[in-house]
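Shown below, as structure tokens, is a lone chain in the form predicted alone; questions about how it binds or moves come after it.
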């Protein structure tokens, strides 16, 4: 392999390692929420430092790549995409940490009626599935799969838009569970952000593979919706 391809492969490998760590953080956040697992939540918070270390390392690898080579066309788009995907992975890691902090505020497992009313569990599971599929799209250079993720984000947005009213009604009927309901509402907002961040990554995969910028097109569609 030419030296430039070797270095590109190293970049991709390092990014996928970070991806795995952030995916673990996200999945663990779900368990911490459902079980009110204080110890697991604390582990997620501590591991965020490792995510940040990956972020810095990958940024430096990209800087060194630009210093050593003069990438053009698809190679240039690849490195630019890695930089932006890296930033979004770091933000998702921060989001997972935020979920863990709200999970720590729970005194016990979330009540079943609240889980069912808010649909936070299927919402969370879809966000984790989108994140995993986005990794596949990046690893296999699949812009078609990336495009499906942008559409799937709408389901998360729909649950999020209804959550304020549902939680407000639940708190009025269950005043003893106000703190629990507010923690769940905060987690829903965090999960919605994960959907947005996965969408950002999917857009970078499309840019890298097809040289198409889809970000502003999606913004226009959201305004119409």
Partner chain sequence: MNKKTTKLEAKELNAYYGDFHALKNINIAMEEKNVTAFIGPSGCGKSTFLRTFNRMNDYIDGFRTEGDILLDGRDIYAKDVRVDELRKEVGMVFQKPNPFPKSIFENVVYGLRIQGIKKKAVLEEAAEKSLRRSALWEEVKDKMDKSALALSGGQQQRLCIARALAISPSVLLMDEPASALDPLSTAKIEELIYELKNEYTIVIVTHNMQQAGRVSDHTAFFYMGELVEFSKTKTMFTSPQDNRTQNYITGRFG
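Residue numbers count along the first chain shown, from 1. Values in this document were obtained by computation on a predicted structure and should not be read as measured data.
The next section is about a form of this same protein that is not shown, the form predicted together with the partner chain.
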- Of the listed stretches (142 to 150, 91 to 99, 75 to 83, 115 to 123), which one has a non-hydrogen atom within 4.5 Å of the partner chain in the predicted complex? 75 to 83
- Item | Contact test in the predicted complex: residue 70 vs the partner chain, heavy atoms, 4.5 Å | yes
- Using 4.5 Å between non-hydrogen atoms, is residue 211 touching the partner chain in the predicted complex? yes
